[in-house]
Ligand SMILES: C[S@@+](CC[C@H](N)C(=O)[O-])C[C@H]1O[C@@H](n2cnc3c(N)ncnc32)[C@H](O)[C@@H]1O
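Single chain ahead, written as structure tokens, the form predicted alone.
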Amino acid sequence: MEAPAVRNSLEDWSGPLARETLGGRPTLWTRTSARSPLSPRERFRFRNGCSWRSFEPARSKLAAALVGKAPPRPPQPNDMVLYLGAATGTTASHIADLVGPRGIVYAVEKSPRAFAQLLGTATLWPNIVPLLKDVRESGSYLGWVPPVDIIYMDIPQPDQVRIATEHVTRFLRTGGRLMMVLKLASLGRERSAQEHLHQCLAELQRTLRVGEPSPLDPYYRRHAFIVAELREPQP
């Protein structure tokens, strides 16, 4: 399921995602239409006639996965993405850069305080559609979100696998991908982290082709990044 050309594509500046090494550490950049940084901590530069924003692994679990040993294929231009747990929109804005102006990021967040900041982010990225909704009530935005190419999920809840499966069934196109941040510490203390991971993978494999989970160390401890593809329906 992983694209072998991803690492090469990160080493040049011709696509929406670029990579360079600064101070011995890998650094990612997304090509953006924004005219200024999203926050004062964000580095911003101009190269090859384009604006680029730093995509920091310490601030985004997707970035941490992309600089790992087995990076997933990132969202592609024109992709439709459903983002569950978008918070203030930092990672959502980088995904919006990656999918480009013809792609859309449907960003679901239930916290009014975080959503207020997400609205501000969406004014800078018009291809972000903010939704003040609870991911446990996916039926409440069925009319707003069409079938999507990617479901990106970062929700540290005990029932995160159930939530993922429900959204895959309702929103993911056949052949589409689930990109899931699994916070093992949120799954309870009755099992070890490895036991929790095996159980979650077994549940996901009922409907999805699940790739090898990747740890997000050293940026996020006891996290796993999972990429899974929706199987063709059985005749």
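Numbers follow the displayed sequence, beginning with 1. Predicted, not measured: the structure shown is a model, and the values here were computed from it.
What follows is about the form predicted in complex with the ligand, which we do not show.
Participant: Just one of V145, A87, V129, V99 has a heavy atom within 4.5 angstroms of the ligand in the predicted complex, so which one?
Facilitator: Flagged contact: A87.
Participant: Can you work out which of I104, V161, A122, V135 has a heavy atom no more than 4.5 Å from the ligand in the predicted complex?
Facilitator: Flagged contact: V135.
Participant: Mark I155 yes when one of its heavy atoms lies within 4.5 Å of a heavy atom of the ligand in the predicted complex, and no otherwise.
Facilitator: I155 belongs to the contact set for the ligand.
Participant: Can R53 be called a contact residue for the ligand in the predicted complex at 4.5 Å between heavy atoms?
Facilitator: Output for R53 is no: heavy atoms all beyond 4.5 Å of the ligand.
Participant: Indicate whether K110 is a 4.5 Å heavy atom neighbour of the ligand in the predicted complex.
Facilitator: Taking the distances in the predicted complex, the answer for K110 is yes, it comes within 4.5 Å of the ligand.
Participant: Hey, in the predicted complex, does H196 get a heavy atom within 4.5 angstroms of the ligand?
Facilitator: Outside the cut-off, so no.
Participant: Counting heavy atoms only and using a 4.5 Å cut-off, do K61, Y83 and T91 all touch the ligand in the predicted complex?
Facilitator: All of them do, each having a heavy atom within 4.5 Å of the partner.
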